[in-house]
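The data below hold one chain only, encoded as structure tokens and taken in the form predicted on its own.
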């Protein structure tokens, strides 16, 4: 009888399934990475803008020289994303990859500039 009980107990135990729950991992949101914009140059580009024309000479990926109001202005890259932002003294040139804006002393002087 003891032997039958052991066999029966062995059969019952072998048919048991042990369920183990893994702790839930928090879901991390996926943030798409937008690469920084690439400088259009090197080279000279003439932009047609609301308010006039602007000639920009991209010297390298971090420096440009623009001709505005009868004089050349040198600007340096200060931000690459979400837009390219070049600044120097009173002048700021912002380029979003298709359109640009020139600001002088905080006032927009040329906008919607495109090639």
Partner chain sequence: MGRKYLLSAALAGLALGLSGCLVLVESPAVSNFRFDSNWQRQDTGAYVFCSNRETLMRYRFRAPDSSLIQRIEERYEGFASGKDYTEDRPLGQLSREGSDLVFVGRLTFGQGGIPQGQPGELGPQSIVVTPITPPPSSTGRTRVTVTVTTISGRNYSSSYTYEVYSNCP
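Positions refer to the first chain, counted from 1. As the structure is a computational prediction, the values presented were derived from the model and not from experiment.
There is another form of the same protein, the form predicted in complex with its partner chain; it is not shown, and what comes next is about it.
Contact with its partner chain in the predicted complex holds for none of 38, 85 and 92, as no heavy atom of theirs lies within 4.5 Å. Mapping the unseen interface onto this chain, residue 79 falls outside it, with no heavy atom inside 4.5 Å of its partner chain in the predicted complex. Among heavy atoms of residue 69, some come within 4.5 Å of its partner chain in the predicted complex. For the chain shown alone, residue 113 is not a contact residue for its partner chain in the predicted complex, no non-hydrogen atom being within 4.5 angstroms. When its partner chain is considered in the predicted complex, residue 42 lies well away from it, no heavy atom lying within 4.5 Å. Residues 44, 45, 46, 48, 51, 52, 53, 55 of 38-60 are found to place at least one heavy atom within 4.5 Å of its partner chain in the predicted complex.
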